[in-house]
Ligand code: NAP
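There is one chain below, alone, in structure tokens, taken in the form predicted on its own.
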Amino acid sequence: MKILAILYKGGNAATSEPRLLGTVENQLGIRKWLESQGHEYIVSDSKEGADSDFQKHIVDAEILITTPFHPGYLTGDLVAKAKKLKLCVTAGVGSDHIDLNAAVKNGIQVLEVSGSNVVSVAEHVVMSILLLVRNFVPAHEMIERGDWMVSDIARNAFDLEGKVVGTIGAGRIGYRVLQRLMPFDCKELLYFDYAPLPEAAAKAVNARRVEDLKDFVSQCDVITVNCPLHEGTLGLVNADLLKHFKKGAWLVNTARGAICDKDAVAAALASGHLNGYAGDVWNVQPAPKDHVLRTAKNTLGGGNGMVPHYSGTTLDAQARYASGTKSIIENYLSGKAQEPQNIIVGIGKFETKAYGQR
């Protein structure tokens, strides 16, 4: 069969570092294994337009491997052309780049490597919170310029201790963020989620659920977004919701770029209503060079902690999701049952509520 993988180009870094498994060069480490069984394995980063490798090969591929870090967007129109497609595997976590409703309708299974990068992303969230609250980026940029004016940095640097921190989404990543925040002695840890945490889990992190989103954001000094992108979360953090944020709050988004309205976030930063925005996800990836969130600043010229989408693709995470991708394909080829936590779409139906209550 034909197996198509859309990965990101690693360049010299991937050539010198073979543990960059999620790259075009290192191909998730499964080429020899697949070809030894007689399968055709096409790997490319070409994903845009009718002449892309993605669109050329999707028409007769049986398995599609994609990654959240360089997503090949499998739209409903492309699903209709992919007559042989039976399985989509996300090498990582997050399958919103696939039209899941079309997958259900056409009997295409969608699986991801659940848990492969949850620790990696949770650590990145805590790092992002700290670099915003401590005003780290402007301080480092000052040193690079050769300047030294402590007051310019200290005037917008705070302690995380004593702040109210909340997560939108308290699943595998959101819960781990709450766990990692406990030693900082925050004033309170809050969460917003359609499903309450089990009582013992909530007690273990001393987290309080707030059921109304506007009420939730109004109580938080720091808000972190840790929910999947689907119809119910697209544009969730918009101009209207931002009005209910505390003035001077910090916002971190490592979930999906389209959950936060980029223009509304940039405007809130410029007005001073938001003190900072950090994350590694963008509504379009790679982000255009003129993307507003590349250069958006707060009123003091700081507050931007944006980076490329890499929080979930550390070398440790890549080892986990490469191994998980192989396991999913191996199960498919041998007819063995898949691990339930990896299944987003089974044959003809959703197997998870992570992408909304369906």
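Since we're looking at a predicted model, the values are computed, not measured. Numbers follow the displayed sequence, beginning with 1.
Heads up, the form predicted together with the named molecule isn't pictured, but that's what we're talking about next.
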> So which of Gln109, Asn275, Thr254, Asn135 reaches within 4.5 angstroms of the named molecule in the predicted complex, heavy atom to heavy atom?
Replying inline: Thr254
> Ok, Val93, Leu100, Cys88, Leu242: which has a heavy atom sitting within 4.5 Å of the named molecule in the predicted complex?
Replying inline: Val93
> Looking at 48-56, 311-319, 29-37, 292-300, which one sits within 4.5 Å of the named molecule in the predicted complex if you count heavy atoms only?
Replying inline: 311-319
>> Can you work out whether Asp280 and the named molecule are in contact in the predicted complex, taking contact to mean some heavy atom pair no more than 4.5 Å apart?
In response: yes
> With the cut-off set at 4.5 Å between non-hydrogen atoms, does Leu269 touch the named molecule in the predicted complex?
Replying inline: no
>> Asn226 versus the named molecule, in the predicted complex: is there a non-hydrogen atom within 4.5 Å?
In response: yes
> Within a 4.5 Å heavy atom cut-off, is Phe192 in contact with the named molecule in the predicted complex?
Replying inline: yes
> Even though the chain is shown alone, can you say which residues of 98-133 have a heavy atom within 4.5 Å of the named molecule in the predicted complex?
Replying inline: Asn117, Val118, Val121
